[in-house]
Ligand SMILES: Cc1ncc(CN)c(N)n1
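Form predicted alone, single chain, as structure tokens, below.
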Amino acid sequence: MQAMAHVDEMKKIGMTEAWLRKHRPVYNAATKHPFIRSIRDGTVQIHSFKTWLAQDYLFVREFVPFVASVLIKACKQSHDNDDVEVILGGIASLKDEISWFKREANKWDIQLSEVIPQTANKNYCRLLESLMSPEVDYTVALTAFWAIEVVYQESFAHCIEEGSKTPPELKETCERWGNEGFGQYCKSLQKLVDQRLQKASDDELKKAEVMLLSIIEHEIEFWNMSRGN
């Protein structure tokens, strides 16, 4: 009886939300990481922010082909046109995102051509590359895509909440990912993931949940790298 009630609850709130509740401590460790909290309370070391900015620029460059591979999987494996349209929206925004990183790097006097990817960044990009394999199911790749986006959205939204002391020169960065529009986009992705998970096999569900946790762990390591840990 208890098991049935648990299943009913997951159907009601969606599998992704059930997973986030189940893994709340590790999810909070990513979205309220000390690096994020240091931005929010105004104590962030500028060299840490610059490290994040430079490394994230390299990551986004690798993120582009990954998202393109998710789009290809959607075209082949999904019968819902919403999937393609939502993912296309994400790809369209990446050009502007890369331009933004270049402008910010110039503002902070960062020579992007001289930036070398650190270990946490290389490991994360290696994961993205593995997800581009045709053998990786669309549901798993889509779960990863949503997880990457939603961790950033919730993290930076935390920095622009009422009562935050985010330095004025960092507010544009936080608003870029923490804004309500990006939050709605993440909800659109989450809806797509939940729709896929409703039809997924037990094996696909396990792989997707493991992938969610893997993304969260890589995000934590990325924040750690930014702080020099």
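Note that residue numbering begins at 1 and tracks the sequence as displayed. Source: prediction; values computed, not measured.
Below: the form predicted in complex with this ligand, not depicted.
For Val64, is any heavy atom within 4.5 Å of this ligand in the model of the complex, or not?
No - in the model of the complex, heavy atoms of Val64 and this ligand never come within 4.5 Å of each other.
According to a 4.5 angstroms non-hydrogen atom cut-off, is Glu154 in contact with this ligand in the model of the complex?
Contact check for Glu154: no, nothing within 4.5 Å of this ligand in the model of the complex.
Since only the chain is shown here, I'm wondering whether Ile148 would be in contact with this ligand in the model of the complex (any heavy atom pair within 4.5 Å).
Yes, Ile148 sits close enough to this ligand in the model of the complex that at least one of its heavy atoms falls within 4.5 Å.
Is Phe49 a contact residue for this ligand in the model of the complex, using a 4.5 Å heavy atom cut-off?
It does not: once this ligand is placed as it appears in the model of the complex, Phe49 has no heavy atom within 4.5 Å of it.
For the spot marked by Ile13, Glu17 and Asp194, is every residue within 4.5 Å of this ligand in the model of the complex through some heavy atom?
The answer is no; none of Ile13, Glu17 and Asp194 reaches this ligand.
Which single stretch, out of 56-64, 198-206, 23-31, 164-172, brings residue heavy atoms within 4.5 Å of this ligand in the model of the complex?
Residues of 56-64 come within 4.5 Å of the partner.
Within 4.5 Å of this ligand in the model of the complex, which residues of 92-106 have a heavy atom? Give them in sequence order, or say none.
Just Glu97.
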